[in-house]
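This document starts with one chain, in the form predicted alone, laid out as structure tokens.
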């Protein structure tokens, strides 16, 4: 148990040092915009369909669950507002981020891990270039930008999925479904959901690049890095979700003057 705790602490410390190096390079030796845009396009092309499908069914699931509950109280007219609010503020960003962690996180970790064990990263350093500037920073920024965009698209798809499920499963019209969305889903709810999307994107980018960059032990080490990336990302996203939820609640209380 102590060995496991020690490994976790060492991982956290190594990740903090690694991100310090990445941020230092980003501030003083930024990479080219072309390399970042290439990574954004690459990640988006690989993951937009998965994210859209996941977002659609997340919204549909939320509508079914809320419908079963509020139908007993005769408040089916509030279905659209409640399902959309729950999806945007909490469930949508979390579940879609899990999907991206398996898609983007695992791929990036495997790619960087392969470059590490085949000594491509060492070759870049021998040529006088900084591997963090050349291969890590573009991927980190590309994943953050693309994942934030994909999460936002996934949330919009979830609204569409909830709407269709409300019409076919609960038998309410489109007008009735969307009528209370502006009442329950406030601008603060949307900002809270987008803030979570940004935080989850940064967590995903940081963990997958760190795990891939520090992979050792040949092909087995690459596989181990991919597995560790998936586990660490999911745990970190859950913790980040709790932190952002508390932060959002405190910010809302300050705004309301409570």
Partner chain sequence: MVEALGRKLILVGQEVHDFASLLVSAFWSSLTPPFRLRETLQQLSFVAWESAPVVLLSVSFAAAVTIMEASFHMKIVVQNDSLVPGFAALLILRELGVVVTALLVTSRVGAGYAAEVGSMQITEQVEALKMLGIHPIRYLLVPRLYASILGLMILTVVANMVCIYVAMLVSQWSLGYSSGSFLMAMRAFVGLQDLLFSVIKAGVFGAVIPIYSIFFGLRCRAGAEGVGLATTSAVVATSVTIIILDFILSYIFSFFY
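Positions refer to the first chain, counted from 1. Computed from a predicted structure; not experimentally measured.
Quick note: we don't show the form predicted in complex with its partner chain, though the next part is all about it.
Peer 1: When its partner chain is placed as it is in the predicted complex, are 21, 23 and 194 each within 4.5 Å of it, taking any non-hydrogen atom of the residue?
Peer 2: Checking in the predicted complex: none of 21, 23 and 194 is within 4.5 Å of its partner chain.
Peer 1: Which one, 43, 201, 207, 222, lies within 4.5 Å of its partner chain in the predicted complex by heavy atoms?
Peer 2: Filtering the options by heavy-atom distance leaves 222.
Peer 1: Looking at 152, 106, 163, 172, which has any heavy atom no more than 4.5 Å from its partner chain in the predicted complex?
Peer 2: Among 152, 106, 163, 172, a heavy atom within 4.5 Å of its partner chain in the predicted complex occurs only for 106.
Peer 1: Check residue 157 for me: does it contact its partner chain in the predicted complex (non-hydrogen atoms, 4.5 angstroms)?
Peer 2: It does not: once its partner chain is placed as it appears in the predicted complex, residue 157 has no heavy atom within 4.5 Å of it.
Peer 1: So, residue 235 and its partner chain: in the predicted complex, are they within 4.5 Å at any heavy atom pair?
Peer 2: Because a heavy atom of residue 235 falls inside 4.5 Å of its partner chain in the predicted complex, the answer is yes.
Peer 1: Would you classify residue 216 as touching its partner chain in the predicted complex, given a 4.5 Å non-hydrogen atom cut-off?
Peer 2: Outside the cut-off, so no.
Peer 1: My question is simply whether residue 85 lines the interface with its partner chain in the predicted complex - judged by any non-hydrogen atom within 4.5 Å.
Peer 2: Output for residue 85 is yes: heavy atoms within 4.5 Å of its partner chain.
Peer 1: Considering only 166 to 198, what residues come within 4.5 Å of its partner chain in the predicted complex, judged by heavy atoms?
Peer 2: 169, 183, 184, 189, 196, in sequence order.
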